[in-house]
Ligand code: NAP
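This document starts with one chain, in the form predicted on its own, laid out as C-alpha cells.
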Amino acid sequence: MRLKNKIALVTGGGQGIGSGIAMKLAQEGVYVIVNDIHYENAQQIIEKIKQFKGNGVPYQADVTKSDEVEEMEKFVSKEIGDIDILVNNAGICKFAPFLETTEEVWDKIIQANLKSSFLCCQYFLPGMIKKRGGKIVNISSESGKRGSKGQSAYCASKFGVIGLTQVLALEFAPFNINVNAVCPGPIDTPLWEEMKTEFSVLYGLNVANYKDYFVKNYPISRMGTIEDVANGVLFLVLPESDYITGQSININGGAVFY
C-alpha cells in the first residue's frame, strides 16, 4: 500500500499490459481509472481489482479523439479528483512490409500510439500542475529505440513517444512532475497471439513455434510477461524514482542496451 490515496489513469487498461499495470497499481493502494475503448473490458478489470479490495472505476473513451479525452478529464476531476499518475498505455501494432503499409494503417497506428499520449497529457497535466506534482509513464517499445523490419508505422509512433517523453520531462520538471517511458520487448499477451501469423511470415518462422525466435535471439531467453512491464511502471511511479525523469527504460530481456 505504498501509494495509498493516489489516483491513477491507465489508458488501454482493459486488457494485456494495461490490465496488469492497473492491477499492480491497485495492489499498492491506488484508486485506478481503467480506460478502454471497450467498456466491458475495463469493467472486468475493475471487478478483478475489487476482488482483492482495491478501488477504481471503468471509463470508456477513445483516447485518439480530443472530445472524448476532454470529457473523461472532466468526469475524473469532478467525480474523483485530479490524478497523480498517468499511464499512457493505449496502442496497437501491425506487421507489414513498408510498401504494403497503407496510409490508413499508418494513420491509425500513429493516432493510437502517439496522438493518444499527446491528448491525455494535454488534458490531464493541468491537474498535476495544480497539485504541484505527478508521475507520467508512457509506454514506448524496444521498437522506439531501433528499427524493426515490417514495423514502419509502429516504430515511428514509438520513437515519437520517446521524443514526447523527453520534451514533457523538460517542460514540467519545475512542477515536480516526472515523465518517463518504458520500452518493452515482445510481451506474451493476447495481442501477440493475434499478430503471430504476420510476424512469422515476415521473419520466415513456423507460426507454431514463433516464440523460439525470442529464446534464440534475446539474452534473457524468453518473451516478457505482463508482470515484467507492470513492475517497471510501478517503480517509476513510486517515490524511489523521484530523481528520474526523461528516461526511456528498457524492459526487453537485453535486446537493446541504450
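Numbers for residues come from their place in the sequence shown, where the first is 1. For clarity, every value in this text was computed on a predicted model and none was experimentally measured.
A second form of this protein, the form predicted in complex with this ligand, is not displayed here; the remarks below concern that form.
- Contact check for 31, 136 and 181: none of the three has a heavy atom within 4.5 Å of this ligand in the predicted complex.
- Residue contact with this ligand in the predicted complex: residue 90 places a heavy atom within 4.5 Å of it.
- Contact between residue 191 and this ligand in the predicted complex is found at the 4.5 Å heavy atom cutoff.
- This ligand in the predicted complex is approached by residue 37, whose closest heavy atom lies within 4.5 angstroms of it.
- Contact annotation: residue 124 falls outside 4.5 Å of this ligand in the predicted complex, judged by heavy atom distances.
- Residue-level contacts in the predicted complex: of 17, 236, 9, 23, one residue has a heavy atom within 4.5 Å of this ligand, and it is 17.
- Scanning 44, 27, 64, 200 against this ligand in the predicted complex with a 4.5 Å heavy atom cut-off leaves one residue, 64.
- Per the 4.5 Å heavy atom criterion, this ligand in the predicted complex is contacted by stretch 183 to 191, the sole one of 73 to 81, 124 to 132, 183 to 191, 170 to 178.
- Shown here without this ligand, the chain has 139, 140, 141 in 130 to 148 lying with a heavy atom within 4.5 Å of that partner in the predicted complex.
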